[in-house]
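Shown below, as structure tokens, is a lone chain in the form predicted on its own; questions about how it binds or moves come after it.
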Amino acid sequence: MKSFEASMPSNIALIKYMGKTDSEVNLPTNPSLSYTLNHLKTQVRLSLSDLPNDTWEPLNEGAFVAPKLSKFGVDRFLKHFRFLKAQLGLSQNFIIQSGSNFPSDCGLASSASSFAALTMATFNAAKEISGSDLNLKSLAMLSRQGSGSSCRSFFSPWCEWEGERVELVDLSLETLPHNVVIVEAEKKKISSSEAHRRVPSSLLFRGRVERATQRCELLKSALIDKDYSKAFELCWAEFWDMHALFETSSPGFGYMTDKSLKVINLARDYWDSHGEGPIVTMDAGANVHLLNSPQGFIKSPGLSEFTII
């Protein structure tokens, strides 16, 4: 059977997307600034099928391992695929296979890479079958309707997303080394979609748009100036801001664990003792992302119990 493939990266927001003005099409309440994680990818393969409906199957091939999708997860994936087919002029049925080279549903933005890869693979099929031709911004906006953060995976290394606008940001900055400390690889109990629904109930959500918008501008300036100390401070405040929303929503919930706190405190102590260190952030999960990490920190004895990718 004829097949069409695409591989797309994850991304990590340093200024967070949390809360929506329109949940139907995933429009964010505030701007976000992200770094594209080109070493963390999802592969999607579409194969023409004689079956009466589109179907999903796991892709376990090489470094790519299929996620353990619930029925809801499969239905969500297939729903977005039907939307893409309608937008791109495809009427055929397909077998969809997907797998990632990193753990899914644990705060590493696997939905971003998965929906971006699904969108790109569908576009590759449509180019050949129906002659579709779209630019990256148009594809990103289609992908956004399946998973909001996936629109940022189309631009590397830095992307800014605000409302209907998503674009590459030129920070005149070289690629920063990225590592993630795997604190918890299991599927998180509260999905990111549910977190988006809950956070507006927090009293701390008042002023959130203004805080995130201000930090976004300050962070871009700090990165352009290569002021990594300032960037660390801004990103530190930003991820704590988001996790405080989780803890104070109704009902409250949380992702941080004792091990999460151990890792981020090790990073802060490294800054205090060395005057330099990694930019630290966390997504909606327990795992800890590090940018521009000096080898001295990555090899810290305190991190020996963790897997670092």
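In case it trips you up, residue 1 is the first one in the sequence shown, and so on. Here the structure is a predicted model, which means the values were calculated and not measured.
Below: the form predicted together with a small molecule, not depicted.
Undergrad: Which of these residues, Lys85, Lys220, Lys137, His196, gets a heavy atom within 4.5 Å of the small molecule in the model of the complex?
TA: So the residue touching the small molecule in the model of the complex, by this definition, is His196.
Undergrad: Check for me whether the small molecule, as it appears in the model of the complex, comes within 4.5 angstroms of all of Leu37, His178 and Val181 - heavy atoms only.
TA: No: none of Leu37, His178 and Val181 comes within 4.5 Å of the small molecule in the model of the complex.
Undergrad: Look up in the model of the complex whether Val263 has a non-hydrogen atom within 4.5 angstroms of the small molecule, and give yes or no.
TA: Contact check for Val263: no, nothing within 4.5 Å of the small molecule in the model of the complex.
Undergrad: Using a 4.5 Å heavy atom cut-off, state whether Ala13 contacts the small molecule in the model of the complex.
TA: Residue-level check for Ala13: yes, a contact with the small molecule.
Undergrad: Test of understanding: in the model of the complex, would Pro103 fall inside 4.5 Å of the small molecule by heavy atoms?
TA: Although the small molecule is absent here, Pro103 would stay clear of it in the model of the complex, with no heavy atoms inside 4.5 Å.
Undergrad: I'd like to know if Ala267 sits close to the small molecule in the model of the complex, meaning any non-hydrogen atom pair within 4.5 angstroms.
TA: No, Ala267 stays farther than 4.5 Å from the small molecule in the model of the complex.
Undergrad: Only one of 147 to 155, 90 to 98, 127 to 135, 167 to 175 has heavy atoms within 4.5 Å of the small molecule in the model of the complex; I'd like to know which.
TA: Within 4.5 Å of the partner lies stretch 147 to 155.
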